[in-house]
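What follows is a single chain, given as structure tokens, in the form predicted alone.
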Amino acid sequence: MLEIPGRKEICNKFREGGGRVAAVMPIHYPRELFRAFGVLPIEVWGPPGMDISHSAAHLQPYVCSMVHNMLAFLKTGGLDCADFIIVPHACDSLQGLGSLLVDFVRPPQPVFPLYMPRGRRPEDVEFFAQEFRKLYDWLSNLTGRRPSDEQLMESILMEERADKALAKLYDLRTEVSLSVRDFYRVVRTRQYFPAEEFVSFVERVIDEYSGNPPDGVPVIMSGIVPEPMEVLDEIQNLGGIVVGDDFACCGRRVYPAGSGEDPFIRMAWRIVHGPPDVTRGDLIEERFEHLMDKVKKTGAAGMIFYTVKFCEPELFDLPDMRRRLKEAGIPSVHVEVDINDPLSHQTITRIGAFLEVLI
């Protein structure tokens, strides 16, 4: 298996170098802004396998397991290495978590709730830019630093370079010899590697693992997060190959490069005009066209919707999305999971049966 440093190792290394760390909940936030303040954002997507008895007293049982796990992780010391906590309001559950951390279950770290727009209009870009300006002032008060526009732009250009490297990795998916799981382990280092290290790592992976790509029935996956990651092993063992994704933690955050001289507008524009995302309120027509474009580019034979239980934003779109795909001749299957549960035989059997249909 490919050797990749984990979050804790990267966190400790960055702090030893004099930097600070922000624990960031899903999904969208300005990496560039943290970089300008010498802060490394390390994303918290759960993690899986937590004892949610630590969160059950504060959250309803029908709140998704990811949010339960984030709170349990915090309460059991999982975020002790972080100096700040950022909670984007990507859904009702995350908004509730943000309110809890601000008003009731107060951690030792300061908490910033980041409000997100729900559209792609110029007004949405300006709204998000204003949120980033508030975050700038908040970080400035806590760190005593005030990065200039020039410093912000330098950070933006570096993060755009990292996003370009991520896009290149996706484009070369069928030309690298990584297993499905290792490929996504590389993709997910974008969630916690400093931008320079990510660019260097991706370039090395592409160079060392070019040629002899794994073979299998090509599929695209969609959802929030591929956890437990054993599901990627099973897809490959069952004769499939994931050639693209619409995961919130991965493919939906291949942001385009921006333009313009206002750093806050540029940071906001990049996210607002990223791949369609139901948590940003993008129209289902936009998501469907985006997925169909992925199908055409990758030659995918079908779609696997791999959703976290009780994830309302994903479930709202799902029936209409699957109907549209069916009308376009693209088969799909829906699998719902709790990220605290081990991968079930039922899930494996369901995916295996779907792949057999595609052969």
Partner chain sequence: MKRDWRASIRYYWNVKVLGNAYLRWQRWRMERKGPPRRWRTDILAPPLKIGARTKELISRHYLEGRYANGHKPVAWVTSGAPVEILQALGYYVLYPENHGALCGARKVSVEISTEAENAGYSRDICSYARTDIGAMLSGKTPVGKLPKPDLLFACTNICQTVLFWYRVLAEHFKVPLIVIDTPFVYTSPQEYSIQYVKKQLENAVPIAEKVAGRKLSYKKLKQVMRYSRMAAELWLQVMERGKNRPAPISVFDQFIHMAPIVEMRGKPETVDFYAAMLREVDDRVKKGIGAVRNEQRRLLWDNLPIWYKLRELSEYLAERGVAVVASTYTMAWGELAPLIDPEKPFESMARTYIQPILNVGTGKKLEKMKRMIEEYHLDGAILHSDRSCKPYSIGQVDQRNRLIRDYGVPALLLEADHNDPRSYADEQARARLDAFIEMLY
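Residue numbers count along the first chain shown, from 1. Quick caveat, the model's predicted, so the values are computed rather than measured.
Keep in mind that the form predicted in complex with the partner chain is not shown, yet the notes after this line are about it.
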* Structure fact -> Note: the partner chain not shown here; in the predicted complex, the stretch from 107-115, 182-190, 219-227, 204-212 having heavy atoms within 4.5 Å of it is 107-115
* 4.5 Å heavy atom contact, Ile42 and the partner chain in the predicted complex -> no
* To do: Using the partner position in the predicted complex, report whether Glu289 sits within 4.5 Å of the partner chain, counting heavy atoms only.
  => no
* Taking heavy atoms only, is Lys134 within 4.5 angstroms of the partner chain in the predicted complex? -> yes
* Contact label in the predicted complex: Pro48 to the partner chain, heavy atom within 4.5 Å -> no
* **Among the candidates Ile241, Met158, Ile265, Cys91, the residue which, in the predicted complex, approaches the partner chain to within 4.5 Å (heavy atoms)** => Cys91
* Asked: Looking at Gly274, Gly96, Pro194, Pro147, which has any heavy atom no more than 4.5 Å from the partner chain in the predicted complex?
  -> Gly96
* Asked: If you check in the predicted complex, do Leu59, Val278 and Glu285 all have a non-hydrogen atom within 4.5 Å of the partner chain?
  -> yes
* Determine the residues of 121-143 with a heavy atom within 4.5 Å of the partner chain in the predicted complex and present them in sequence order; the list may be empty. => Arg121, Glu123, Asp124, Phe127, Gln130, Glu131, Lys134
